[in-house]
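The form predicted alone is given below as one chain in structure tokens.
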Amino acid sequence: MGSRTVLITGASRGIGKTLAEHFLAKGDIVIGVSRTETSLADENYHHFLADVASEADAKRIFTAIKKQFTSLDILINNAGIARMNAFALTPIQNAQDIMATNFMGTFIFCQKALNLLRKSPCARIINLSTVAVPLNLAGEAAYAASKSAVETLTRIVAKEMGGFGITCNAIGPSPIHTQLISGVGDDKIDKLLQQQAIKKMAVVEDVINIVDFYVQPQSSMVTGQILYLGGIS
């Protein structure tokens, strides 16, 4: 298998940065998108500063990609934000920001990537969800709702794009030590872990394992799936 062209949002840190490093190590070309600068430096790495919720930013990025590359093989919608509040105390602006980044960002990048993905012989879309959706976690109404919307989008895109050879799946990580959950108390994390079949924190390598499964050529019949880490007991 030759080198692939991979686009990863939220690539400047956490899961996104580790995924970028993973694909670069495989010899792939990686295009990263984030709102902050990256420390990642590699001849096969290209970075764009952008807000994923901005259609104008997305158009700028995909115009540049089209000029430089003939197709896009893999799109990973990893960018996301979370602000934990009780529903009654959640500022409306927080809810709007979460929905804009997590859902609209995924929607926009899925849509704008389609023309380039259709030119790939093995096109893959992978969206990031969370176990907060099936667990209906208290304090995460806006976050879980945004990711539930991502899951519905994933299933519908899978149906509409299957005829073009594009698969669309999602991953629902359980808690991983990243900046996304840095403000969540240990007690809350422990209570969440106790709701899982495997009662421990996940690591980024667990996500990479699922990503590798979704993108391999043998997974061409796997689409519209949401795979959660940890198991839901």
Partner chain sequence: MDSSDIEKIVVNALQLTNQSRSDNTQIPISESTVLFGKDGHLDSMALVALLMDIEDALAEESIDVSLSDEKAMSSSRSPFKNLTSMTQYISDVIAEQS
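None of the values given here were measured: they were computed from a predicted structure. Residue numbers count along the first chain shown, from 1.
Heads up, the form predicted in complex with its partner chain isn't pictured, but that's what we're talking about next.
Contact between Ala149 and its partner chain in the model of the complex is not found at the 4.5 Å heavy atom cutoff. The closest heavy atom approach of Leu114 to its partner chain in the model of the complex falls within 4.5 Å. In the model of the complex, none of the heavy atoms of Lys26 sits within 4.5 Å of a heavy atom of its partner chain.
Shown alone here, Lys59 lies within 4.5 Å of its partner chain in the model of the complex, counting heavy atoms only. Only one segment in the set 136-144, 156-164, 101-109, 78-86 has any non-hydrogen atom within 4.5 angstroms of its partner chain in the model of the complex, and it is 156-164. Proximity to its partner chain in the model of the complex, defined as a heavy atom within 4.5 Å, singles out one entry of Lys191, Lys199, His177, Lys66, which is Lys66.
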